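A lone chain, given as structure tokens: the form predicted alone.
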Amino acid sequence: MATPAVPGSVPVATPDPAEAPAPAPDAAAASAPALAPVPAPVPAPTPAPTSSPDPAAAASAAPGQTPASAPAPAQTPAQSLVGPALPGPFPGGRVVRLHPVILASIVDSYERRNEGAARVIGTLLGTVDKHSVEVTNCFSVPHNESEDEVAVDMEFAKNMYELHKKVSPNELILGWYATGHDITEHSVLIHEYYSREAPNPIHLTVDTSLQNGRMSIKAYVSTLMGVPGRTMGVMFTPLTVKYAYYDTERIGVDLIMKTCFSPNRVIGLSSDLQQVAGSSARIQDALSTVLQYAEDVLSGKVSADNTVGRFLMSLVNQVPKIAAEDFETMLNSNINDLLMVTYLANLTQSQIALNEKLVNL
């Protein structure tokens, strides 16, 4: 375990491209089985204050963690986790695509944080392609943070990643997240560790304090800058963040959005018939919009768009050519079959319940 001391003179990075001191190769760090070492950055020419080797201070450390001043005879290299083969600096146009489960998990971990904790951190998992990084999963990592030191339980992170690989072997480590609207000097230390686990990792910030009345979500990558042979700095460059979801996630997102129109922010699950009615209403609205657009183009109110025309032609070709009477007969037949199966299921359930009552008499 290693929890390097952070000097108070280290500049704090901001969400916009800012500079923060970069870690030096010869920074001293202790090691223990529970915590992976996080190297400390090289401070300004002014000597950095050191932690007092008071035994009482060492005894006040959290279980499984060692204070920054604890000595170690030799540094044991941390076991590296398998990370994605990201290219060097992100090319222009690289996009970070977030799934709704990521935001829900981050907010949940923030609400369940330990008493006195200012923020929570965690590992981001997902996949990488040529043009985007898709974040599909995450998990929180325990850590302790103070003004002078930060301790991260990377042994827990390693075990959690091994468990995630058994369920989703294609998910790789993409970076890490932290709640808050700003990047601190401790973020530089934690980012340095993830730089050894995944080339060019992503740092995601989620403003759970809602400072501007909304949850600000930003993603960054770091690049080294400075004079070779001198003190180097790290600049966090923002990336484009977009939101993606699977069809199954869309159901949950739509249900959560309905709570915005509920006075008590609570809404129940709708029945199957209500879902069918809602889907039919949305399809009818979409068809009305398409018909109105076609009429406007024919009347000359709107100029024709070749892209929209191709989409409409593809949509029409996907609909099977069938007479209206045959379609109505087929639909009614399927509905009758469904109602018959439902009736038989309810009848069977009633017979079983009646039989149980007769047996208990």
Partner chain sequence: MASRKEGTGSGTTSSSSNTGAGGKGKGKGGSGDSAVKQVQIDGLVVLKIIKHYQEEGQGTEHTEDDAEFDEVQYQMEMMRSLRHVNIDHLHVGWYQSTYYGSFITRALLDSQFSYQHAIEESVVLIYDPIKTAQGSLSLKAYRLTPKLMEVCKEKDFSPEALKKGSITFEHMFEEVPIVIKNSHLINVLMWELEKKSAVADKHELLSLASSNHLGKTLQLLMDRVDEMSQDILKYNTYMRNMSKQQQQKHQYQQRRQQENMQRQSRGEPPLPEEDLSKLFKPLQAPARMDSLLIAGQINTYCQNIKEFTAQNLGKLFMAQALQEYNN
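Positions refer to the first chain, counted from 1. Owing to the predicted nature of the structure, the values given are computational and were not obtained by experimental measurement. Only the largest set of C-alpha atoms that superpose within 1.5 Å between the two forms is called the rigid core.
Quick note: we don't show the form predicted together with its partner chain, though the next part is all about it.
Looking at P238, you'd find every heavy atom of it more than 4.5 angstroms from its partner chain in the predicted bound form.
In the predicted bound form, at least one heavy atom of P142 sits within 4.5 Å of a heavy atom of its partner chain.
Within this chain, E147 is remote from the site of its partner chain in the predicted bound form, having no heavy atom within 4.5 Å. In the predicted bound form, H164 approaches its partner chain with a heavy atom inside 4.5 Å. The contact with its partner chain in the predicted bound form, taken as any heavy atom within 4.5 Å, belongs to V101 out of V101, V290, V95, V128. When contacts are defined as a non-hydrogen atom within 4.5 Å, none of A118, N200 and T231 contacts its partner chain in the predicted bound form. Annotation for 278 to 308: interface residues with its partner chain in the predicted bound form are S279, S280, R282, I283 [heavy atom within 4.5 Å]. The two forms, fitted on the rigid core, differ between this form and the one not shown by less than 2 Å at the CA of P199.
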